[in-house]
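A single chain, nothing else alongside it, follows as C-alpha cells in the form predicted on its own.
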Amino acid sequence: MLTKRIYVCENSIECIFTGIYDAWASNYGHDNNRIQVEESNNEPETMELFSEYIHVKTDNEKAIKVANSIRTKISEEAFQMVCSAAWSCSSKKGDIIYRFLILGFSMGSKVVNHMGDQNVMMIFELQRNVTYEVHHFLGFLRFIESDSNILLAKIKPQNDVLRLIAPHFSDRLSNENFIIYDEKRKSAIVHRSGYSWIYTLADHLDINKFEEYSEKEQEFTSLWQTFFDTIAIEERRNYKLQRNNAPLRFRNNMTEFKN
C-alpha cells in the first residue's frame, strides 16, 4: 500500500498551480496524490495516518506553465472556470481543481460540458458561487468619502472576489481615488485617479484614518438614510423578501442599514 502524498498549498492560485505541477511531475499516481489548501482560521490541522505531507512553496514559473497548459490543451473557458474555483472559499477547491484538470487534459475542451462527472460539476458549483457573490457586490458595495477626499468601501466576502470586482469600479470611477478593503483577508484594491488599480495586502494600511467622513459625505449619508426610511410603506413591509434581496451578511457595510 502506497503512502498518500498530500501537497499543502497556501491559499493562492499561484501556489495551488505549483502544487498541481509538483504532484503531476512526481509520477506517483494521481490516486495517491491530493492537493490541500491551508486553512486561514489558525486552527490546528488534522493529520491523516499513513500520509506524507509536502508543503508547497509558490513557484511562479511552474504556476505559469500550468496556466498556459490549461489554456492551450483544454480551453480558455476551462481556465476561467479553474480561476473562479481557486478564488472560492471552499477548503476542498485545490483537489477539485486537480481532479478536474486530470480529466481535462485527457478530454480537451469537451470537459466543460461533461456535467456527468462529479469533479466537473463541483468546479461549476464553485464558479457559480463566486460569480453570484461578485454580482451581489456590484450592487451592494457602498463608498464613503473621507476627509482626505478618498473613497473607501469595506467588504467582508465569503470568497476572494476583490480582484474580480475591481475592473468594474475602476472603469466607472476612473477619475476617483478609492480603496476597496477586504476585512476578512486584510487585502485591498487601491485606485489612483487616472491610473490602473492595484491589489495589495493591507496589513500595513491604517484603514481607520480613512473612516472620518467628509462634511459632504455626512450630509449625503443622512439624506440617503432619510430617503430609505421615507419611501418605506409600513403596511407593506416584508422583511423576509428584504432579506432575500439584501442578505444580512452584506448589511454591516451598507449605508442604509447603519444605525
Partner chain sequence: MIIEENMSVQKKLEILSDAAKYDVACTSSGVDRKGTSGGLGNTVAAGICHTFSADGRCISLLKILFTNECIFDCKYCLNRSSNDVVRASFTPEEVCVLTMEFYRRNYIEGLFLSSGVIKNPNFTMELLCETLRMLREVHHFNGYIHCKAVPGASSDIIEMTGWYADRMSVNLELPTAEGLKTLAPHKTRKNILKPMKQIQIGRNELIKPSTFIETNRMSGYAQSISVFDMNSIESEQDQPQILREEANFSLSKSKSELSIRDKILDTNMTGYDSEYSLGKVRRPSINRGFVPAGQSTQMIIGATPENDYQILSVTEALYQKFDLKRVFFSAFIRVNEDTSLPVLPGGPPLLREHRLYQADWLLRFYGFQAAELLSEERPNFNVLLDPKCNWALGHLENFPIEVNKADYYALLRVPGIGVRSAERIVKARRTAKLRFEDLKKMGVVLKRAIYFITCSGQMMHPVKLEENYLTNQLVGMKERLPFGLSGDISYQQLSLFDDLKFMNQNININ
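Positions refer to the first chain, counted from 1. Just so we're clear, the structure is a prediction, and the values are computed from it rather than from any experiment. Basically, rigid core = biggest C-alpha set you can superpose within 1.5 Å across the two forms.
The protein also exists as the form predicted in complex with its partner chain; that form is not presented, and the subsequent description refers to it.
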item: 4.5 Å heavy atom contact, E176 to its partner chain in the predicted bound form; value: yes
item: Contact flag, K92 vs its partner chain in the predicted bound form, heavy atom cut 4.5 Å; value: no
item: Close approach of T230 to its partner chain in the predicted bound form, 4.5 Å, heavy atom; value: yes
item: Contact test in the predicted bound form: E217 vs its partner chain, heavy atoms, 4.5 Å; value: yes
item: Stretch from 131-139, 67-75, 183-191, 154-162 whose residues place a heavy atom within 4.5 Å of its partner chain in the predicted bound form; value: 131-139
item: Position in contact with its partner chain when the complex is considered in the predicted bound form, options T221, S51, T58, S26, heavy atoms within 4.5 Å; value: T221
item: Residue (of A166, M121, C83, L103) lying close to its partner chain in the predicted bound form, criterion heavy atoms within 4.5 Å; value: M121
item: Within 218-253, the residues that have a heavy atom no more than 4.5 Å from its partner chain in the predicted bound form; value: F220, T221, S222, L223, W224, T226, F227, F228, T230, I231, A232, I233, E235, R236, R237, N238, Y239, K240, L241, Q242, N244, N245, A246
item: Core-superposed C-alpha of T230 shifting 2 Å or more between the shown form and the other one; value: yes
